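Next up: just one chain, as structure tokens, the form predicted alone.
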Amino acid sequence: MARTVRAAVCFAPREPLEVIEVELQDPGPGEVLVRFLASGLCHSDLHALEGTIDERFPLVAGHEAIGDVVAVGDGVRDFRAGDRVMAFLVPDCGTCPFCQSGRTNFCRQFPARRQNPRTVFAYRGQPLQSFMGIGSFAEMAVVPADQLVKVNPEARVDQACCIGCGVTTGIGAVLNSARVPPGASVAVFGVGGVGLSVVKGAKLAGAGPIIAIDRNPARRDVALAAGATHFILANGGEDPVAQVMAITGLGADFAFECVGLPELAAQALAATNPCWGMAVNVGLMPAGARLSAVPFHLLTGRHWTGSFMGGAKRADVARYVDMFVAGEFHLDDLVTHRLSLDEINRGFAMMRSGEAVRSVILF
């Protein structure tokens, strides 16, 4: 039986979101009904809303969320009403070759579900898509059980929700994908929500120096507070690659591109040590983007790779929440604005302008 919930709906790319009442179906087999407490505004949502990544409309976006289980569908054994859960956009089916390999967090269900015609939301008889199978810009949603994980209920929801995507993507890129060792030099190109989380991950790993690069001078203080030892203003006139080389001597041991720009990814590669440096693409790039590099930058031994959601699985998300509760890292510098659902368009405007590092919708 359908119920009515408030949701922010985008009816077409680049149009403002409309906060309206929509219909939500009950959970089916393998699904869980979740009441959201908080949802972060992630740059991936903005990519979807602006049509720079493939997405179907009308759309209930949102995926970086924490909430409580209301009800479960048939066959769900791992969750029950009242559980505090966090959404994770990468399924964890456990049966596909990727899941069984133990070598990746990728799951065959990730692309399959993005093409699934079934929807749980509707408006006046019109189906509404759920972004990444989650749709957390709604008071409640129905989410596949293998895209949820139980988390520590002591975590403050207005900050912990960001661990569901941005924080895990950044910290995981350092700890899981690159496996940065203590004492390694790290350069972070772009210090928005994900880039700041890379800085936090580098600090957790014991790296140093940690060099933050951004074109927004307002990011200097927040990057240094997160653990960066140096800040380079990207539009300051001097080549950021040359500045990284000057700080590190031979180039960074690891460089992370956290914006999603092909030219920035090439800069990150060029800023690494020519013989053993590793450049990691973390930022989500627009559909159709292509990468290019000077071949000699790879010939001498550099490595160029990517990190999908920080190489993390659901268990990592729960572990990072525990680390957050234990005070091993803080998110005071990351979450700069707390908004109501009715203020969601303002939140995306602040994301575009750079005024906000991370805005969070509180339900």
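Start at 1 and count along the sequence shown; that's the residue number. Worth saying up front: this structure is predicted, and the values here are computed from it rather than measured.
Although not depicted, the form predicted in complex with cyclohexylformamide (CXF) is the subject of the following passage.
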Problem set entry | Contact residue in the model of the complex, chosen from M309, L41, V69, L331 - any heavy atom within 4.5 Å of cyclohexylformamide (CXF) | M309
Exercise. Exactly one of I53, V335, L37, A318 has a non-hydrogen atom within 4.5 Å of cyclohexylformamide (CXF) in the model of the complex; which residue is it?
Worked result: I53
Problem set entry | Close approach of V120 to cyclohexylformamide (CXF) in the model of the complex, 4.5 Å, heavy atom | no
For this session: Flag H63 as yes or no: does it have a non-hydrogen atom within 4.5 angstroms of any non-hydrogen atom of cyclohexylformamide (CXF) in the model of the complex?
Result: yes
Exercise. Does F110 reach cyclohexylformamide (CXF) in the model of the complex if we count a contact as any heavy atom within 4.5 Å?
Worked result: yes
For this session: Consider C99 of the chain shown here, and say whether it contacts cyclohexylformamide (CXF) in the model of the complex, taking contact as heavy atoms within 4.5 Å.
Result: no
Exercise. Just one of 294-302, 25-33, 320-328, 41-49 has heavy atoms within 4.5 Å of cyclohexylformamide (CXF) in the model of the complex; which?
Worked result: 41-49
Exercise. Can you name the residues of 276-301 that have a heavy atom within 4.5 Å of cyclohexylformamide (CXF) in the model of the complex?
Worked result: L284
